[in-house]
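This document starts with one chain, in the form predicted on its own, laid out as structure tokens.
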């Protein structure tokens, strides 16, 4: 008798999808903001999806979290000591910032259920949210930034794609508020999607950041579980970085820092 196989598939287009063979579905809930599903997969460990799109997998989450934190950290003109994280309810971004030695992290997540399930199913990653240096706030990140009186050396937008609750995080108005709460020489960075399958995301991010800062800098990473594997991040261009020894991580190192900003021609044309 043939055993029934279970699969989760994320559709990239009408003609292509990526499928993960799963051993179990651990969770499926509808929150006030989104649908969250959690699978145990054979190749990538536990896999978190939101509204049908992959957000995090145990096997390669380190790539995303290293690249959204370590690149802007080392490109900043002065060593960052404080950071605001918008989104990132799984705790992965906060964990990397703690590893980099930041003394103050404010993490604003709109959906408390993301935090709760991450603490339950990804305790090693989510443990950062209980660190005394991390102030976890359940709130709308857009509203938080608009009314914040605090200033930060880094602002990291660790959000879902620019649809639904995250759409407002890709606007010029939002980045105008981000610039206001950045210290001199500070950096703001966002994930900006797959240039191949989601060109609208990197265009939106680039346009919004350029509108606020007058410049932008995009860079790339290879993340196997994300559409096409080629993933982009976009930040303001702080200019000449500081001279500091670069500590390698599992994916990130000095060569990656130097090479990730070397863009393929089609990406250059997307953001021209």
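Please read all numbers here as calculations on a predicted model, not as lab measurements. Residue numbers count along the first chain shown, from 1.
Missing here is the form predicted together with a small molecule; even so, the following discussion is about that form.
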{"query": "Residues 55, 160 and 226 all lining the small molecule in the predicted complex, heavy atom within 4.5 Å", "finding": "yes"}
{"query": "Interface membership of residue 141, the small molecule in the predicted complex, 4.5 Å heavy atom rule", "finding": "yes"}
{"query": "4.5 angstroms heavy atom contact with the small molecule in the predicted complex for residue 110", "finding": "yes"}
{"query": "The small molecule contact in the predicted complex: residue 34, any heavy atom under 4.5 Å", "finding": "yes"}
{"query": "Touches the small molecule in the predicted complex: residue 189 (any heavy atom, 4.5 Å)", "finding": "no"}
{"query": "Segment that reaches the small molecule in the predicted complex - one of 133-141, 75-83, 179-187, 146-154, heavy atoms within 4.5 Å", "finding": "133-141"}
{"query": "In the predicted complex, the residue from 50, 63, 217, 220 that sits within 4.5 Å of the small molecule by heavy atoms", "finding": "50"}
